[in-house]
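The chain below stands alone, shown as structure tokens; this is the form predicted on its own.
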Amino acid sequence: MRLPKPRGVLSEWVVSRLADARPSAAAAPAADAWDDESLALWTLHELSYRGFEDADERAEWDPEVLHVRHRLETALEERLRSRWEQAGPVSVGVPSEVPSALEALVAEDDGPSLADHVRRRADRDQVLELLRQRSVYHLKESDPVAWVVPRLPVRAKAALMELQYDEYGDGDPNRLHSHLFARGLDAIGLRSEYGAYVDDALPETLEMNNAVSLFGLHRRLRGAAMGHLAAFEMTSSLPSRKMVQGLERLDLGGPMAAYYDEHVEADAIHEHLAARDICGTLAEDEPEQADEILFGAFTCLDLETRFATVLLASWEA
């Protein structure tokens, strides 16, 4: 993957800085807009994943780069927590209430459903656009969650590894979920290389990816990371079934539908693992993480709602 096209002065500074390991004469400017800020942070996070062909390998731990990343992560976290506070956060009295609180959060979520639109009304171009947007995350799938494994107590760690083993194909590279998504993209004529559609990504898409990277890369946010994972798994099985139906309606089935079909059954199992065996035991072993788990779950649902709202509005327009 090559460095993305800048969207403003900040992302232009980031791209230029990553391509040249020498200290910059000019300090990083403020972002032109949210789009510029979101791309800049996504680019800096990617240094901790697969990196860029045209970026200096030393940039990941460059103090100047880390300072900018810290600034952008702080702004993102403040924005996410502000939304949580405005929503009237749910608080749990005892750690054992965390699984039921997660179920309540998911049950009360009334955001628009992209999967339902795909099943009923979407045309081929809309579905292809959705898949291009989703590819920014699905071509890395569970990688952000992997950062959290060494940061968990024993019971939560064991349950997370059970879930991750499935996500990574039970040891079979051909069953890796990110690889299944790539095969689906190939089958319907879209590009499948990692990061192929970043230059087309909406800021809402980048914010979803930035949030899960933020949670995964910071040990103090391990509870938020697991809450995000739980909400993701708890809201995946039924939408995946709807995606299969919509893809088949539009003659886009085959490997792409197979990817979603894999998640119909798998995520029904992962829902229990994530809510009870991971988040439930984490809250019991580390009670201070209980509210953080719910913050992470809310963030997952809220960001998905914001993304769906923007995409559906653009299609209606």
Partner chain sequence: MPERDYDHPDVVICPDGPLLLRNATSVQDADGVVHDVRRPVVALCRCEKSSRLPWCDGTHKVIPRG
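Predicted model only: the values in this text are computed from it and were never measured. Residue numbers count along the first chain shown, from 1.
There is another form of the same protein, the form predicted together with the partner chain; it is not shown, and what comes next is about it.
- Contact annotation for the candidate site: S38, L72 and Y137 all lie away from the partner chain in the model of the complex (no heavy atom within 4.5 Å).
- The partner chain is not shown here, but in the model of the complex it comes within 4.5 Å of a heavy atom of I269.
- Of the heavy atoms in V154, some are within 4.5 Å of the partner chain in the model of the complex.
- A residue is said to contact a partner when one of its heavy atoms sits within 4.5 Å of a partner heavy atom; R79 fails this definition for the partner chain in the model of the complex, lying far away.
- Shown alone here, A59 lies farther than 4.5 Å from the partner chain in the model of the complex, counting heavy atoms only.
- Picking from 121-129, 80-88, 159-167, 196-204 the stretch near the partner chain in the model of the complex, with a 4.5 Å limit on heavy atoms, gives 159-167.
- With the partner omitted here, the residue from E103, E141, D116, E97 that has a non-hydrogen atom within 4.5 angstroms of the partner chain in the model of the complex is E103.
- The single contact residue among D32, E286, E262, D291, judged by any heavy atom lying within 4.5 Å of the partner chain in the model of the complex, is E262.
- Shown here without the partner chain, the chain has E271, H272, L273, R276, D277 in 270-290 lying with a heavy atom within 4.5 Å of that partner in the model of the complex.
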